[in-house]
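So this first bit is one chain, no partners, the form predicted on its own, shown in structure tokens.
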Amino acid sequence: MIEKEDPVISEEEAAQYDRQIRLWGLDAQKRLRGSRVLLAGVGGLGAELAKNLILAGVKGLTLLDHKQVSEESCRAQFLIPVSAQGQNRAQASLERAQNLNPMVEVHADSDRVEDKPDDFFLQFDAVCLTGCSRDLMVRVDQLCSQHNIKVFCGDVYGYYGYTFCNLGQEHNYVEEKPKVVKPSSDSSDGPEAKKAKVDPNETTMVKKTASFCTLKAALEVDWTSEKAKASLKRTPVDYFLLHVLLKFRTDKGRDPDPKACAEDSRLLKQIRDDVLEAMGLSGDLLADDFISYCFSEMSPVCAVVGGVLGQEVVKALSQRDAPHRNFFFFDGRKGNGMVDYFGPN
């Protein structure tokens, strides 16, 4: 991570960010204003995340994407003009992204993220990876963990979406809590009067610390251990679905395609069986109907998952409020999401 000067909020910025400064404070906004973020993958989820970070007021955002604009790209995200088909996705998204907030430095990079050397990632305070292979995410996550750079991963597959974050072994943050008023020592009104009470009109800032593991550790849980078996019933099946979809991406170099629905559905079932067998788990854990809901990026799901992921990046960079530790799973069929931790305690 590069060394940076203490950011200063100008009068113009204070007016621009007035509402959020009132929400999370000037110090948090200063930390955001001094942060540079890399966003790899400017698909539907990437566009939502870019919008949220630019509006929040980070110092700089680099859009990294080597893919060309397709018809599906135009449907899945709103930063690309309809007339931009055939152009690079990052370059085509640049103008509209910059117009969201001229105070943020937005850059476009059309290189492949896989071709970037390690030093490239070290110039950022946070790295966000969408649409990337498992091997690449593991590589970048391990690199950034060694240099105190925050890592976020996320994807949307049809009705399903997930986010993952690794904020390091020691992430410090503050949380606003109602102030507890201690009773006076000379109170003679009985035991009730001597109990500490919460004052709803006053708050205090509490310093806290959270610890995170690497993505590799989070994905390599030993499900044959007695402890893991005991927790299986309360484990979201979305975690195992993620393994299946990442394996599909590794094997095919792409995500499930609606144009090859029959072939890809058959392959997804086979990968499901192979993945769960390798984990020592039954294939019945993930019902066959999952294949009907994991094709394409659906804009409403991108909006929800992108909102959550953007919130987590903002919280991490501003060191304000408790972060999600470490996975968030969203199921658009049920309209709900959940946070769960995977990895060594």
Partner chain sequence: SYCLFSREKKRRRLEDLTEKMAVDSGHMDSDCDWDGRWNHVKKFLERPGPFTHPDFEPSTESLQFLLETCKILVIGAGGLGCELLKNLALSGFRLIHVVDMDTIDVSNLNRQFLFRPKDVGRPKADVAADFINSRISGCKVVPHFKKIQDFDDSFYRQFHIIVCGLDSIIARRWINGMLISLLSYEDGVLDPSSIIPLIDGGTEGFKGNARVILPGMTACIDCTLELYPPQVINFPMCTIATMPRLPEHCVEYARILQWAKERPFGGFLDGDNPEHIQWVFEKSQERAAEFNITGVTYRLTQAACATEVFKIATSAYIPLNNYMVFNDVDGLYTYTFEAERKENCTACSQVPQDLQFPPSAKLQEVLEYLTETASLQMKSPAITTTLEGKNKTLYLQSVKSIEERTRPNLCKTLKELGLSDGQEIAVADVTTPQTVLFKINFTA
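None of these values were measured; they are calculated from a predicted model. Residue numbers count along the first chain shown, from 1.
The form predicted together with its partner chain is left out here; the points below concern that form.
- Note on the interface: of 272-280, 32-40, 285-293, 60-68, the segment with non-hydrogen atoms within 4.5 angstroms of its partner chain in the predicted bound form is 285-293.
- Interface membership of P258, defined by any non-hydrogen atom within 4.5 Å of its partner chain in the predicted bound form, is confirmed.
- Looking at F121, you'd find every heavy atom of it more than 4.5 angstroms from its partner chain in the predicted bound form.
- Interface residue remark: A28 is not counted as part of the site for its partner chain in the predicted bound form, having no heavy atom within 4.5 Å.
- Proximity of F240 to its partner chain in the predicted bound form falls outside the 4.5 Å heavy atom cutoff.
- Of the residues in 35-69, those that come within 4.5 Å of its partner chain in the predicted bound form through at least one heavy atom are, in sequence order, E48, K51, L55.
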